[in-house]
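Take a look at this single chain, the form predicted on its own, given in structure tokens.
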């Protein structure tokens, strides 16, 4: 059997001109009041520079990732042909499920949150935000979650193509210009409405809607939260950075982890600073998303007026 080669088709590279044109069109339509979209020059520039840097980082680590996939594929359990329609349906479902767990891990464990948090640092939600991608995802190692697909027998090129298709799909859901899709579409697929919730820092919405393409995984695993018209999404992270320093955007959480490790008084504390929930602290003086949501829920019970504990952050 010939060694698997790198994919001849890269959906993300092919879609880059479309990404740029769509962003320009959204800016123009928003300027004339035709769609809802807020752009801030420095924020947009930060998103575009993060996207460019992510591409460079991908070139530096992509070879290692693909080589690991090829090595695992040598021991594959089944021969799955790229020419079969059923194989593409299977990789679509399995890759999307893998993405769900990757995305959930990237929010719920601090080490991987450090590589993902930059995508959430914009306080605006527009198509440019979709390009605010990680510089450290490859070195954080979450790509290993896709290796079992190679072990099953999916050719690495096939996996890479499907991952690209997923990323291209997720571009268009980073917008406020689309309010709701048809009910059946909202029930099955990730949409702008569902993903706005994912990017919101309101306690009601924290750590939800991890879907890539199919929202069914969130519905199955209990992480789905619907967008409510009476509670508009506020974007960013719980404690926003307050500037557009691109180095800080890319690395601030890694710096925070390093600083915390220097203060750790035991291996247990060091472990939880690395792999605990973002916001974990030995004495509970910081707030995790679970704590924020519980505090918010208690306030709903105690007060008729809905108050958001993160509003002053």
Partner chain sequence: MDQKYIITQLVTLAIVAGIMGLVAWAKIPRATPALDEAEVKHRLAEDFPQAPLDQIWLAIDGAGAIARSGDEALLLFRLGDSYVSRSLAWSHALQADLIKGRYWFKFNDFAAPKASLALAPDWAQAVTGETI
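Positions refer to the first chain, counted from 1. Source: prediction; values computed, not measured.
Keep in mind that the form predicted together with the partner chain is not shown, yet the notes after this line are about it.
- With respect to the partner chain in the model of the complex, the three residues 20, 40 and 240 uniformly fall within 4.5 angstroms at the level of their nearest heavy atom.
- Residue 28 belongs to the set of residues with a heavy atom inside 4.5 Å of the partner chain in the model of the complex.
- Proximity of residue 201 to the partner chain in the model of the complex: non-hydrogen atoms within 4.5 Å are present.
- In the model of the complex, the partner chain sits within 4.5 Å of a heavy atom of residue 235.
- Under a 4.5 angstroms non-hydrogen atom cutoff, the partner chain in the model of the complex has residue 52 among its neighbouring residues.
- Only one of 261, 59, 267, 67 lies close to the partner chain in the model of the complex, with a heavy atom inside 4.5 Å, and it is 59.
- The chain is drawn here without the partner chain; in the model of the complex, the stretch among 99 to 107, 121 to 129, 136 to 144, 71 to 79 whose residues come within 4.5 Å of it by any heavy atom is 121 to 129.
- In this stretch, 70 to 85, not one residue has a heavy atom within 4.5 Å of the partner chain in the model of the complex; the partner itself is omitted from this view.
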